[in-house]
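Taking the form predicted on its own, here's one chain by itself in C-alpha cells.
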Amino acid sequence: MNTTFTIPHVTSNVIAMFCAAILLIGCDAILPSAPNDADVLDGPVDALSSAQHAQFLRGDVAFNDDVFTAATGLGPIFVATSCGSCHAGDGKGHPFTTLTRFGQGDENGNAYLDRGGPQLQNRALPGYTPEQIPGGAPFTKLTPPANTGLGFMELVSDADIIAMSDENDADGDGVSGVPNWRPLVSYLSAHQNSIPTNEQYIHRFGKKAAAYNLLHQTVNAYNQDIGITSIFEPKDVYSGVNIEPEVSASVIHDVVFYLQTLKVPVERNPNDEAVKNGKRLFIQIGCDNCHKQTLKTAYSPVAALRNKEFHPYTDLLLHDMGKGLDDGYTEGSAKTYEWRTPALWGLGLSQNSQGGEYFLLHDGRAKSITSAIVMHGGEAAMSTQKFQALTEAEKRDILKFLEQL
C-alpha cells in the first residue's frame, strides 16, 4: 500500500529563521567564549569621554591595523611593517621581532649615526640592501616590551622618581638607582612636573630609559622601525635626508593617546594564600627595592589618568645589573651595565604574545621567570642569593605571585 505524505507549506521567512537559529546554536557551540578582561592586555582605561574613546579607537586602528607598504612609505629599509607586529595584543615581543641598536659604547654619544645608527634596519624592499652592523660597532639586542599602562608611568612626577633614587646608596641596602638624564630632542616640550638639571631631563621609556615620553617613543618607532617620516622626525633612515612626512601628525597623536590610555594590568588571583605568601617573600628578599609596587600619577588633562595610584612594580630608574647583563652598549647617561627596572605587571600574560613561551630580560635570553631572577647581578645580587636559598615551595609561591600580576 502506498502512503502519501503531505508536507505543509512553509514560507521562506520561516525557513530563514530556522536556519539562522541553527547557525547561532552552532556558533555558540564552536566559537570560544570571550576571555576575561583581566586575561588580556589591550583595552582602554575606564571613564574616558566619548571623544577620548573615539581617539583611542583611531589610535588602536593606526597601531594594530595599519600595515605600511612601499606605496605608503615603508622603508626602503626597515624592521617591521606595522606597530602591532612587534607588540601582539599589546604584549611583549618575540625573538623574531627583537631590535638591534648599535653605535654607542659610552656616554660620549653615538659614533655611528652616519653609518646607519642607532638602529639596524635588517629588512629592505626589493632592490635595496638591508643594513649590516659596521665592524667594531658596539651593539645590543632588545626585545619589544608590553605597552599597557604606559600612560600611567609617563605621569609619575620627576620629584617622585628622584625621591626613589639613591645614587650613593645612602640607606645601605645595596641598591643605588639613578635616572637617565638626557637633553630633549627639538620637537619635545618638558612636562609640567619635570625637574631639569643642567638642561638634562629625566627619561623613562625603553630598556635603558632612553625615551623621554610616549611622543618621543612613538616618533622613534615610526622612523627607526618602519622607516616612516613625520613632521617630528623628517629624516629618511635610508638616504639620511629630510623628506615629506609619510605619516600625519594627527595619526602620531592618536597613537600616543592610544598608548597613554591603554588599561593597566590587574592582579588575577591576589587572594590566593600561596600568592599572598609569594608577595611577602618577594618583599622579604628585597625585590621591591627596585620593583616598587605602588606609584602615583600627577596631573593629566585626561581625568581617567589624573592623580591615580597604580601598581607597576618598577621605580623607572637605572640599576647596575652586573657583569652578566653588561651588553657593552648604552644610551644617554646610562652605563653599559645599567638597565631601567622593567615593570612586572602583566608578566604572567607575556607568553600570550610570545608564542606560548617566555622570552624575558632585555634580549629575551631568559626562558623562564626563574632564569630571569637568577641572572640578576650587581645591585640585585643579594636578592638573587636570597631567592636561591629559599625552599622549593617558597620559590613556587614567589613564581605564583609573579605569574598572576
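Source: prediction; values computed, not measured. Start at 1 and count along the sequence shown; that's the residue number.
Only in words, not in the display: the form predicted together with a small molecule, which the text now covers.
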Original post:
Using a 4.5 Å heavy atom cut-off, which stretch among 234-242, 301-309, 219-227, 103-111 contacts the small molecule in the model of the complex?
Top reply: 219-227
Original post:
Does Phe205 make contact with the small molecule in the model of the complex, using a 4.5 Å heavy atom cut-off?
Top reply: yes
Original post:
Wondering, does His319 line up within 4.5 Å of the small molecule in the model of the complex on heavy atoms?
Top reply: yes
**OP:** Although the small molecule is absent from this view, report whether Tyr212 comes within 4.5 Å of it in the model of the complex, heavy atoms only.
**Re:** no
**OP:** Although the small molecule is absent from this view, report whether Leu142 comes within 4.5 Å of it in the model of the complex, heavy atoms only.
**Re:** yes
Original post:
Which residue among Phe282, Phe257, Tyr201, Phe152 has a heavy atom within 4.5 angstroms of the small molecule in the model of the complex?
Top reply: Phe282
Subject >> Interface residue in the model of the complex among Ser333, Asn193, Gln293, Ser82, criterion: non-hydrogen atom within 4.5 angstroms of the small molecule >> reply: Ser82
Original post:
Check Ala54, Arg58 and Thr297: does every one of them have a heavy atom within 4.5 Å of the small molecule in the model of the complex?
Top reply: no
